[in-house]
Ligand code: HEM
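Given next, in structure tokens, is a single chain: the form predicted on its own.
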Amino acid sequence: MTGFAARLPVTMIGRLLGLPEADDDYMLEWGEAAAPLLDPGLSWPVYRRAQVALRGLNEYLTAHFARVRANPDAEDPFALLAASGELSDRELVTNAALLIGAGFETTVNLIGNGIVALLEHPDQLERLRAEPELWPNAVEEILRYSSPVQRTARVAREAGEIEGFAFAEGTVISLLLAGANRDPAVFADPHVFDVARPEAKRNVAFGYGIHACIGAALARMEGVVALSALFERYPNLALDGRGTHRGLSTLYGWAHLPARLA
């Protein structure tokens, strides 16, 4: 996971923000420490570790953008924004932190989940080798079948009722994206992994409507590039023993996936 699945996503976000390549591992540490904040019922040590990590990230980004404003020579998007003065220091830091937190954690899960799904379904992997044009659709099926984000939450702005479930204004509602992605009314044989599934792109792994993920297009491209290149370069890739799951209920993915590259 850290040796392969994380490399492309963290590189993309790091260069987008104009951060030095030498700091990529720090971004991985911040993301890993903060990821549990999306889960309910955290233990105090986990919560404390996340808060310490976020304070460190805030200090790092504040210093980074101060340097950018003082020496506005870089041409990455955030450096141009910083130099323009259109955003305050707080706006720059919070938006950069959002991209770090959401811009690679989920894509790392997508790549890792895709590796496992394809190795568990060798017939589907063989079909991709025979029909490489199916890779974009395969990524949609991975997003549906092993949703990197299992759920999200909303606050009801007014009282209402959905499918017989009544709720009051202000109710916090947990929405199971992974459940929607297995809806038999939308997906035929929803528990079957099919890289050629015609309705795969109807998944809601990136949310929906005005709340849809801002980085969805980038994540899709990274998934196609990473997975197709991996299995092309290592056609006999195999997992070496059991992997270790992250153990989170919101972000669904693997912490470790030992493998033999062959």
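We number the residues from 1 along the sequence you see. On a predicted model such as this, the values are computed, not experimentally measured, just so you know.
Separately, the form predicted in complex with this ligand exists; it is not shown, and the next lines address it.
- Shown without its partner, this chain lists A82, L118, A96, L110 as candidates; in the predicted bound form, only L110 has a non-hydrogen atom within 4.5 angstroms of this ligand.
- Interface residue among L61, A205, A226, V195 relative to this ligand in the predicted bound form, by the heavy atom within 4.5 Å criterion: A205.
- Remark: none of the three candidate residues (V10, A35 and A255) comes within 4.5 Å of this ligand in the predicted bound form, counting heavy atoms only.
- Taking non-hydrogen atoms only, M27 never approaches this ligand to within 4.5 angstroms in the predicted bound form.
- Not displayed here, this ligand is kept clear of A138 by more than 4.5 Å at the level of heavy atoms in the predicted bound form.
- Though the partner is left out of this view, G114 does not reach within 4.5 Å of this ligand in the predicted bound form, counting heavy atoms only.
- Although the partner is absent here, T152 is a contact residue: one of its heavy atoms lies within 4.5 angstroms of this ligand in the predicted bound form.
- Residues with any non-hydrogen atom within 4.5 angstroms of this ligand in the predicted bound form fall in just one of 35-43, 232-240, 214-222, 64-72: 214-222.
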